[in-house]
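In the structure tokens that follow, the same protein chain appears in two forms, which are kept apart as structure 1 and structure 2.
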Structure 1
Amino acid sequence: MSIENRGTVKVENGRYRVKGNFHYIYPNDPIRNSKGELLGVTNPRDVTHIHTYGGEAPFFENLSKGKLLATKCTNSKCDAHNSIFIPYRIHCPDCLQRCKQVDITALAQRGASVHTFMITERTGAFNTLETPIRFVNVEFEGIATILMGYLSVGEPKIGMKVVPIFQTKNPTFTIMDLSWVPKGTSESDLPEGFSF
């Protein structure tokens, strides 16, 4: 199958304009048991999914620039007034008013803490991280929420100080562009493509 006409998406007048092929079918392969008896076939497909970010696009765009954005409720009548949220939220979960964007990069670089963690040897489909994966829940001083991420260097411990690193070389524009390392990690120990 040729993928010369792989699908592309452009925005014109505020609308997505889709062009090309987003679904490719490949030849089936027989599935046989040890006696050579046919049990089934594979049905390989290549599907490109269009994932839209909407109001969260600034968060992902700024990860590629080495910045960590959060949002803040500015409604003085809300119980969550002045609460800062990460993951990035477009609207306050309490009053539903639009939140204000806040750059918390400097706060995170001073050091956040591992609230809790989990190490996993098995992952779901489409995982791109090497196993074992060290998932960490990162807690920030003065922030109302906790952010889940992954530790790229070292072994996690509850309360350990961590700092963000960003994939600014060949970014994916996904949450994978943000990772964490223990505070004091040398730049030479960072994964390829990542920087402080």
Structure 2
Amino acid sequence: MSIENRGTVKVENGRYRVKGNFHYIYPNDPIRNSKGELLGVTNPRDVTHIHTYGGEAPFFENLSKGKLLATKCTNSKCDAHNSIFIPYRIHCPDCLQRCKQVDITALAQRGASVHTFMITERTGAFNTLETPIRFVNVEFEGIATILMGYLSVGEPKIGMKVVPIFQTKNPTFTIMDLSWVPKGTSESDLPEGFSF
């Protein structure tokens, strides 16, 4: 199925301006049983949604620049004062004050460790990862949370040291621009488009 004049979006004066096709219409078909009786119909559809990252946009923008951003509660009266969150939280979950952005790229590059992992051949529709998929949940020194990601090189093990890699060439501006490889992996072994 070819996608012609695929829809794109810009924001101008606080509004979405859309251009091109956001849906494609295909004919439906009847569904019949073995006796030839009508049971139902297919409902084909292809739609493109529009989605804002809002206050998380800096996180996704910075992946494409090779940077890993987290956030920190800086409210000295809060129980979570100085807690660092990644996934990036716009607001502190305890005091709900806006968190401060912190760059944890260097911390991560020194080596994060695999808290747990999983390997599977199964995927859902729209998957873009090669199978088997290897998820790693990454623990950082001094950070309150454990980030989920995918391992691009090697086999995962609990406790192994990993470092982040970033899709800086042709970024997708999604979480897929961040991946992980075992510490010590050489640049030449990284997947196409990724760098340390």
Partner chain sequence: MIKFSKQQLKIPQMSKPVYLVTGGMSKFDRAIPEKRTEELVIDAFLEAAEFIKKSPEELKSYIHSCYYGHFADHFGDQLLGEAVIHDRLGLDPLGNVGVKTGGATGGSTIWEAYKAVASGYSDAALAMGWERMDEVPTDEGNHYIASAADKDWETPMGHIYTGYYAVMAQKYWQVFGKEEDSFRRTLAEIAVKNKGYARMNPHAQSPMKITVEDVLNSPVVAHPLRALDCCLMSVGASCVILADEETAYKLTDNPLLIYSAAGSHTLRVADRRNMDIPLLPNETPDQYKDLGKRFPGGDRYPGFTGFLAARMAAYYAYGMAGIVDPNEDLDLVELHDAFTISDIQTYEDIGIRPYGEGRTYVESGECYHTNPLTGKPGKLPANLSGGLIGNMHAVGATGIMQVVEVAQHIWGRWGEMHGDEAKWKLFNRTKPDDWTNLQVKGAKRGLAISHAGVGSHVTATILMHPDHKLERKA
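Residue numbering: structure 1 sequence, from 1. We call the rigid core the largest set of C-alpha positions that still match within 1.5 Å between the two forms. All of these numbers come straight from a predicted model, not from anything done at the bench.
Each structure shows the same chain on its own, and structure 1 is the form predicted on its own. Superposed on the core, the two forms barely differ at Ile146: its CA moves less than 2 Å between structure 1 and structure 2.
Annotation for Gly40: C-alpha shift of 2 angstroms or more between structure 1 and structure 2, rigid core superposed. Annotation for Lys19: C-alpha shift of 2 angstroms or more between structure 1 and structure 2, rigid core superposed.
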